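Considered here are two forms of the same protein chain, supplied as C-alpha cells in two stand-alone entries, structure 1 and structure 2.
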Structure 1
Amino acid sequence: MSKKGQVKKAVLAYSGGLDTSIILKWLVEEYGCEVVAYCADLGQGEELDHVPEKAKKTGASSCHIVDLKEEFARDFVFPMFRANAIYEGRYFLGTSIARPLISKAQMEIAAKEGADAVSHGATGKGNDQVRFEISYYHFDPAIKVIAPWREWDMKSRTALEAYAKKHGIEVPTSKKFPWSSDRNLLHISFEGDILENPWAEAPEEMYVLTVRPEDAPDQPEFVDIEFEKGDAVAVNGERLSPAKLMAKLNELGGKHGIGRVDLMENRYVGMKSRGVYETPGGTILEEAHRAVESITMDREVMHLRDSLVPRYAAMIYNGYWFAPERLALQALIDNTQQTVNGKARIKLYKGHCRVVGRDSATDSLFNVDFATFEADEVYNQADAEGFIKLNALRLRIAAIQRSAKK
C-alpha cells in the first residue's frame, strides 16, 4: 500500500551501500517524498568516496557529509573510556557509541532542512534500530521515523539485489566479501555470512585494520601514552587531538596485530549474535588508562566505579546514551577521573599489548616507603595483627557457635 503524501521530506542516514541505496529509492517510490541523504564521517576513509554522487544518482535531492571525527573521539569515545566500559567483558562498543552521534547530527540536519521525517537502514532484528530511534525521540519526540526493514516485504539480501536490478541501482555486491561491516575511528565490525556459523573461524581476508599476529614484527614496540583527567592527550611525547590520537594508536596497534576479538554477544532485542571486531587503538587506550588509574585512583573509589561499569556499558549498548541515568553515572565517573593524570608505557608484540610502566608526577598514590620489602621506618608490621583479628572477628564468633553445637 502506497504511503505517498504522508511525508514531505525525509533525512536518510545513508552510507552508499546496498541497504541504504535501496532505501533511498524505496522512500522516493513509496512515500513520494523528497529525500535528503546524510552521511556521518567517523573515520571510514575511502568508504566515503563518491557517496554524494551515488546518492543524487539514486534520487536524493542533496547529500550532506558531516565531519564528526573530532566530536566522536572527544565527546563520545573518550567519556566512555573514562569508565573502561566494555560490554560483557569483551566488546569495546565501537558501533554502539557511534549511533547516538550519528542520530544527533541527523536530527540537526532534519531541523535545518525542515524535514518532517528521518529514516535509517537498521533491521528489525538488531540493536541499531533501538539506538537510532531512542536518540531521535530525545531530540524531537514528535519526529516521524521510517524504518523500511520493518515495513517492506523484502526479507533478504537476494530480494534487495533483485530490487536494485529492477530499478537500475548500482550497489556494491561482492561474493568474495559478502559479510557486512561497520567502520569508524574506534573499530571495524563484521557480521553475517560465514560468521553465522559460530564454529567457523573468521577468514583472514576479512580483517582490515590489523595484520595477522603471526606476521607482526618480530621485535616489540613500546609506546608511551599520557593522560590528563582520564583522557589521553599525547603519544610518545607528541600532543594530539582526540581523533588524531585514536588514528595514531590504530596505526600502531594494527601493525602489531592488536585488537582482534571474536565473540557471541547478547543483543538487546533478545537473540545472541556473533560479531568479529578489530579495535587496535581502543585496546591500547584501555590498557594504558587502567595503568594510570592503578597508580592514581583511590581503592574504594575505583571499586565503586568498577561495580557500576557493567550497567554503564549496557546503557551504551542498548542505546541510552542521552538518558538521565547515563548522564548521572557519567558525572560520577568524571569525578573519579580528576586525579587520573600521568603516563603509561605499553609493550606491543604479536597481538598482545601489556603495561610495562606507569607514572604520575602529580597524583601518584604509590609510596615506596610504605610498600617496600626492604627496611622502613613508617610502617609497624605488628599493627597488622590487630587489623587481622578485627576483620576475622565474625568468622571467629561463627566458629565458636559451631563448636558449641557439637
Structure 2
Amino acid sequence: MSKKGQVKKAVLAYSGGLDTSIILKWLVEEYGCEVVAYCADLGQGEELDHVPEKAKKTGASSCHIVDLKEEFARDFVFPMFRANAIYEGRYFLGTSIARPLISKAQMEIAAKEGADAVSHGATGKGNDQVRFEISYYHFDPAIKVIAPWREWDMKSRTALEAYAKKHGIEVPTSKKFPWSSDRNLLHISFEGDILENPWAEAPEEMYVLTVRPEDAPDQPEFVDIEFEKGDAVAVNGERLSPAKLMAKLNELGGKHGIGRVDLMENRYVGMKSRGVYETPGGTILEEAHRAVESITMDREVMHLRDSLVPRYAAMIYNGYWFAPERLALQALIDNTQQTVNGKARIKLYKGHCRVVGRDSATDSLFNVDFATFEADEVYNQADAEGFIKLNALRLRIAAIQRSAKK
C-alpha cells in the first residue's frame, strides 16, 4: 500500500447515494486517508439535507454542501448558449457543462482544506472521468486523482452491495431504475439498460422532467423571452436571475413535453453510446436565442460563428472548458453577442417549440428606417447585375477555359 499510503486527505465528490458512499468508505479503508465529502447543488432537485450526516456516518471527516445553481446558470450554461452549442446536432451538453464547475468547487475545497487528493465516482468507460480530471489538473497540476472505478476490482452490483453490507453502508431498498441518470438545472440524462438496444424506444417511465407530449395541454402556450448581449434576462416580462430563469423555462417546457432527445453519440474515449436526454428549458432557450440573433446579428458573423460551433461543442463535451482554446473561442463568441439584444416569442405545444416572432428595439438589422435616404441609395436593383456578374466571373472564365479545351 506504499503508493496508496501517500495520500493524507482527499476531497470526494459525494452524492449520498450508494456508489459514492462505498467510495467514501473504500478511500478510508484503502488509502487510510482523511476524506472530506463535498456535494454540489446544481439543481439536481434532490434532498441534500441529510447528506452531511450520511457522509459523516460513512467516515467523512467533514462535508461541504455548495449551492452552485446561480454560478452554473450564469457562468457555464449561459456562455455556452451564446454559441448555440449542441453536440453532434442534438445533445445540449447538460452533463458536460456541469462537470467543470463541480471540479472547480471541489478544487477550491481541496485548496482550503489542504487536501492532496481528489476523487470522483465516474467510471472508467465514460466521458465524465475525463471532464473531472482535466479540470482538476487545470487547477492543480500536481493533485493526486483517485478514480476508484478504474482501480478497484468490484465489477458488479452484487460486489458493491456485498461491500456495502460488510461495511455497514445502507443500501436503498426502494426499487431503483435499471438505467443511470444525471440531473441538473439544464437537463437530465439517461443511459444503460434497455437503451443499449439502439432500436428500442426509450420507455415512457424513464422521463422525469417532461410530461408525455400526448399528455401535454391541448392548447398551445406562448412565451416571450428577452435577451441582453445574448443572455436571457426575462420571461414574459419578468426579469429573473439566470438560475431562476432556467427553472422557469424548465417548468414551461416540462409542462408541454418539450426537449426530449434520443441520441447515439460518440464518446471522447472512443466508443458510441446511446443517451436519452430531457432539456426542456434549454430547448426553448436555444430556439429563442437563435431567433433574436436572426434579427440582430450580421450574416458573416453568424456564418463564421456557426462554422466553429461543432468544434466548440466538442471542446465542452470532451472536458476542455478551462482550456485556452475554449477561452479563445469564447472571446469570439462573446464579441458576436454585443448586439444580441431583443426578444422572441416561442410557441409551446405537445413536445415541440418554435419561434413565431422576434424583434429588437435597439439592434434590429431588419427593416430599419430608410426614410432619411432615397430608397435607391440603399438598394438599387440594378446593382444586382454587377454583383452577379462579378461573382460569376471566375465561373465564366472556367467555362471559357473548359470549352477551349474541348
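Please read these numbers as outputs of a predicted model, since none were measured by experiment. FYI, numbering is relative to structure 1, first residue = 1. For the two forms, the rigid core is made up of the largest set of C-alpha atoms that agree within 1.5 Å on superposition.
Chemist: Structure 1 or 2, which would you say is the form predicted on its own?
Modeler: Looking at both, the form predicted on its own is number 1.
Chemist: Taking the rigid core as the reference frame, tell me whether Asp359 has a CA displacement of 2 angstroms or more between the two structures.
Modeler: Not so; Asp359 is displaced by less than 2 Å.
Chemist: Val66: with the rigid core matched between the two structures, does its Cα shift 2 Å or more?
Modeler: No, because once the rigid core is superposed, the C-alpha of Val66 moves less than 2 Å between the two structures.
Chemist: So, superposing on the core, is the move of Asp41 at the CA at least 2 angstroms between the two structures?
Modeler: The answer is no; the displacement is under 2 Å.
Chemist: With the core fitted, just quote the Cα shift at Ala399 between the two structures, in angstrom to one decimal.
Modeler: Its C-alpha moves by 3.1 Å once the cores are overlaid.
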